[in-house]
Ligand code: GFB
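The chain below stands alone and is given as structure tokens, in the form predicted alone.
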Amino acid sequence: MVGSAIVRRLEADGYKNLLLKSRKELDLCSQEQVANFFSIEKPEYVFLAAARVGGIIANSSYKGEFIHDNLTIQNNIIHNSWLNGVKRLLFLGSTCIYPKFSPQPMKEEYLLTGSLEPTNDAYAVAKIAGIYQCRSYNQQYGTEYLSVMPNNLYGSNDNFDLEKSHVLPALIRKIHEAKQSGDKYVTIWGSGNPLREFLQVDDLAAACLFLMNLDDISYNTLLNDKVAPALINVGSGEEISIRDLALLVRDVVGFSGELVFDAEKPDGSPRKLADSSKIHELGWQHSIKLRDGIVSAYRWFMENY
């Protein structure tokens, strides 16, 4: 989802010199294949969006895969970027790196100040390792690698698998199928009380290109920040409860049934609002409103599923 959005943005802005490989052509978990790719192609700029990702069910069910695959992918790419002289690299992570009960909104300097949310701690630890790998290479080798932490993402090419998807695509699919089946209600995991921040993936792509094209002074200021070096949040700054989100999806889908919240199921973190003041001060703001983004995501789901 993220990679395709970045490609769309680059192509829309006139970039033609893109090095793109499918998963069949390049297995990022293969040390040999990644090393060969970098030594032959010699990319100058890298957007590291590839990862094993999922929602609360997948994160808590496949912890071994989540930590192994993400560590392997980022180790291969970050290390070979350094070996082959990549000028700038953006490492995409997630705000799940912050403590479960982090002060809100979550500032970059809150990293490692408390315990993680248990349902996605394996994924979070892998992403934290990537942040520290970027920082360590910057400090030892003088690289210019920046870690970008978006909040909950959604949009075209999202994963709508009910076991492995994030909350918004899961809601879209469950409520759509209930409408199609004529069901009288839909059961939703959790109490509905947690608050979440959502960012449409094309907004993230715009933010990534904005950061990659920053002037040297601004970019190096981010890399050398004394409080949270080489780490920046990207979010909308707006939050909504899971209950209100489900009601919004129900309205967009046109389902007239009831929403039933199963409080016996886990909620995850009670609140996850990112402090995106760093990128806002640099001049970037999101542009896609949540309702408009959900309408677009539902349209994409209908056309592709």
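Heads up: residue numbers just count along the shown sequence, starting at 1. In this text, all values refer to a predicted model and were calculated from it rather than measured experimentally.
Only in words, not in the display: the form predicted together with the ligand, which the text now covers.
For the three residues Ser94, Asn120 and Ile242, a heavy atom within 4.5 Å of the ligand turns up in the predicted complex in every case.
Between 100-108, 84-92, 141-149, 166-174, the stretch whose residues reach within 4.5 angstroms of the ligand in the predicted complex through a non-hydrogen atom is 166-174. Interface membership of Ile188, defined by any non-hydrogen atom within 4.5 Å of the ligand in the predicted complex, is confirmed. When contacts are judged by a 4.5 Å heavy atom cut-off, Arg196 counts as touching the ligand in the predicted complex. The closest heavy atom approach of Gly257 to the ligand in the predicted complex falls outside 4.5 Å. Looking at Gly54, you'd find a heavy atom of it within 4.5 angstroms of the ligand in the predicted complex. A single residue from the set Asp69, Asp275, Asp267, Asp27 has any heavy atom within 4.5 angstroms of the ligand in the predicted complex; that residue is Asp267.
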